[in-house]
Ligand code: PYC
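For reference, the chain that follows is the form predicted on its own, supplied as structure tokens.
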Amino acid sequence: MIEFHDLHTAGEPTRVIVSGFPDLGNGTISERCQRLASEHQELCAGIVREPRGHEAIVAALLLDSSDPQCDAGVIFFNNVGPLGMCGHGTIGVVRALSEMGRVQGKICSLETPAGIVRAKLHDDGDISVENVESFLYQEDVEITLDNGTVVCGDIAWGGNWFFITGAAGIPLQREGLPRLVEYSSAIRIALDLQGRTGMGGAPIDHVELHEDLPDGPLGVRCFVLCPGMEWDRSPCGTGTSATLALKAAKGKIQEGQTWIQESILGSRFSATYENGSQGILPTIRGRAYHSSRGQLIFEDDDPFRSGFPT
């Protein structure tokens, strides 16, 4: 029996697993993430997929950290497996930890597979996350879609790997969802087929489309296609970090300036950065809301213990 807290951050759901998950042993969160991926994929799928969840849910497994300076460790996973980092999920995890009485004061440190992140709880209810160092990896990368269309974009790291480009005239509105999913899925397939990767051959498993904000602040409206081909309801914390990194590298934003990233639902993250050793150190600010708490039950003879097959 899995005990969980459900929250959403700017519309994107996070299912925080607080107890009942099989023991992953000792070691760093990265090492335990590898065990989760190799030994518990069916359980992870059952936690987030229908009939117990839905394809957009990101789960956050709470663990003890291997670093005594951290308040907790966390492994994020979605409908196809673990994620290196998750910005909206971190905001949800910190809100859940605070409600559980596991945050001392206003600062919380978490060990993730991508590295250690720090979060701050603000008096107005917002939570800001100091994400891992983010950077522009390759700019002006051209790929060719299967219909012959050439797309130019940038590859950046924000805790996950992103290919970031324009929306090709598709409105970043909910009514444009079918076209947005089709277009970004075609980009994702082309990246794989044409061997475009992140550092060390890492797959680029997020595609982010941009358009300028209509009301003037420095920032963009975005659409993000996540691993598993599901779209992010929030502005995407790691995507905001990757965007800040490439904008900083191109001189489009300066250290200390505020950046606004808006989702197609109209929800927003604000962000700033400090310069780092190879890129930037972004801070993402947003708010999480509780939606439910409960238990997940997995009966032995349930044909959908592992969720609906993909």
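Residue positions are given as counts along the sequence shown, with the first one as 1. Keep in mind that this is a model prediction, so the values were computed, not measured.
Keep in mind that the form predicted in complex with ligand PYC is not shown, yet the notes after this line are about it.
Novice: If the criterion is a non-hydrogen atom within 4.5 angstroms, does every one of G87, C226 and T238 touch ligand PYC in the predicted complex?
Specialist: Per the other structure, all of G87, C226 and T238 touch ligand PYC.
Novice: Whether H206 contacts ligand PYC in the predicted complex should be assessed with a 4.5 Å heavy atom distance threshold; does it?
Specialist: H206 belongs to the contact set for ligand PYC.
Novice: Can you tell me whether V58 touches ligand PYC? I mean in the predicted complex, with a 4.5 angstroms heavy atom cut-off.
Specialist: Heavy-atom contact with ligand PYC at 4.5 Å: present for V58.
Novice: Does any part of A96 reach within 4.5 Å of ligand PYC in the predicted complex? Heavy atoms only, please.
Specialist: No, no contact at 4.5 Å.
Novice: Wondering, does C108 line up within 4.5 Å of ligand PYC in the predicted complex on heavy atoms?
Specialist: C108 lies outside the contact set for ligand PYC.
Novice: So which of N79, S184, T112, N160 gets a non-hydrogen atom within 4.5 Å of ligand PYC in the predicted complex?
Specialist: Of the candidates N79, S184, T112, N160, N160 is the one lying within 4.5 Å of ligand PYC in the predicted complex.
Novice: With ligand PYC left out of view, choose which of V74, C222, L83, V117 has a non-hydrogen atom within 4.5 angstroms of it in the predicted complex.
Specialist: In short, L83.
Novice: Okay, which stretch from 119 to 127, 207 to 215, 228 to 236, 163 to 171 lines ligand PYC in the predicted complex, with non-hydrogen atoms inside 4.5 Å?
Specialist: Residues of 228 to 236 come within 4.5 Å of the partner.
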